[in-house]
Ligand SMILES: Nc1nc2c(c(=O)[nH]1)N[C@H]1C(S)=C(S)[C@@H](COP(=O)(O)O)O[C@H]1N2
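Next up is one chain by itself, shown in structure tokens, the form predicted on its own.
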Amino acid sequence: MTYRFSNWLASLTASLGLGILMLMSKVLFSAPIGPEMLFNTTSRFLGIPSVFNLIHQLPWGLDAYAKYVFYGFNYLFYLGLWFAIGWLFLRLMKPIWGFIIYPIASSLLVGCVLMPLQGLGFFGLSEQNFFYPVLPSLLWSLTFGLAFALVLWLVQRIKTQVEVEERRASLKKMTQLLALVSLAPVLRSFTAFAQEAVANLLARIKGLSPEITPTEEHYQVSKNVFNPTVKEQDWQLKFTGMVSNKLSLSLEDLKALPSVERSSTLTCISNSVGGDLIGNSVWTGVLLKDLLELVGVADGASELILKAADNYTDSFVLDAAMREGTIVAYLQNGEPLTVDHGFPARVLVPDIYGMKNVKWVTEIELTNEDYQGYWQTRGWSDLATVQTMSRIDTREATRLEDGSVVIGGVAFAGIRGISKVEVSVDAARTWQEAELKPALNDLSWNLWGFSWQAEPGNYKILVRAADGTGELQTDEKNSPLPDGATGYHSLTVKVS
């Protein structure tokens, strides 16, 4: 019993130490780590949107943390696998052999299992692999294997120098300490995410949204837990496929071309009714149609496949690419794109949900096939046309000098525009038209305001909008999956 217990405790200690080392390596050096690859693999085969949709049904706002909860399960499973490997090998051989076995096992696990399952080829040798370069991935895998072997060897050395009961107590305390240390960064990360979400929420509900969303307040969504950091000097945008002239542009080349600057609203397909996954920024970049004219679109081409530095892919039709509002952007609100918003460049395509506005774009391929991208293979819409939406921003009405009170919000319908916004203060029995501020252009949302005479109390307010053709948004309630959420937004507003 003592021998088996010692092996169990030694392997647990090494696994927790490995977890700490991987987390620190990812945060400090952006190292490719096994749990992240496992997360990408399981989300690819299980369909993480299905997990998100399930958590959307639960209370307490858990949907905001679905990605991180799912990542945490993958992290624990990966450490559990290493625990099992360590425990098994300690029963079969001496710890000194671990300095050979564990680096090899770590490299084979990453190179022969996790990378191929992500579609990156054995040891990441697929030509589409941008996120996990081969040599750094192997070096980090070897490092983690050696670290695991070192901890097991040290623990076994301790075993030989103390009495059995003292060893049990010492290792138990060590394991508890490592467990607390390993959980601390995770808890801090989850707390930071929660605090950021709460801070953004509070900032939005105090009053009407600004017409231009500050960059730091603009929503960002991706499939990644850790977004890629792309070096400007290494980045190129390639045009391939059904083109007359294949082209590769550096960021300097892109900036040297004639540019446009315009505000444009971007919204996520997973945004719920009344949600905050929508924003309006001023974007600067090059018209995509100008770039396509440079390369020459071959006859028969009908669709663009976009590929990104994190191995994300999506597509949209050629007609959407030729719109005046479709650009390859490199500035947001006058500043270079942040990492989370797609530095060094991303594609902005109006009237289509954000998942097709690809960030960290590295290649645009012209094709005649109906390509199914990352989210389409997981059940989300292929066309992804923006639904007409309207939202109430103010939870507390503002009392005006004439005694009336006013509330406000935003409305958006893609390139169709907004023709009117209507508000009900009596549970949809009657509707009154709100004051609508003209949009900055045909790509941006509208701000609206509505005033009425009201006594102090709480009022359930509903809002609806009509697009530029006069078609009223539907009152049918649908969840975001697969075509985007629909239904009227309602909010209880306090009148003081």
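Note that the coordinates shown come from a computational prediction; the quantities given were computed from them, not determined experimentally. Residue numbers here begin at 1 and follow the sequence given.
Missing here is the form predicted in complex with the ligand; even so, the following discussion is about that form.
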Inset, instruction - Select, from the options 376-384, 222-230, 247-255, 113-121, the stretch whose residues sit within 4.5 angstroms of the ligand in the model of the complex by heavy atom distance. - result: 222-230
Inset, instruction - Verify the contact flag for H218: yes if a non-hydrogen atom of it lies within 4.5 Å of a non-hydrogen atom of the ligand in the model of the complex, no if not. - result: yes
Legend entry - in the model of the complex, Y330 touching the ligand (heavy atom, 4.5 Å): no
Legend entry - the ligand contact in the model of the complex: G354, any heavy atom under 4.5 Å: yes
Legend entry - Partner proximity in the model of the complex: D310 to the ligand, non-hydrogen atom cutoff 4.5 Å: yes
Inset, instruction - Scan L266, L288, I418, I392 and let me know which has any heavy atom within 4.5 Å of the ligand in the model of the complex. - result: L266
Legend entry - Residue among F316, Y78, W360, F144 with a heavy atom within 4.5 Å of the ligand in the model of the complex: W360
Inset, instruction - Could you run down 332-353 and flag each residue that has a heavy atom within 4.5 Å of the ligand in the model of the complex? - result: D340, H341, R346
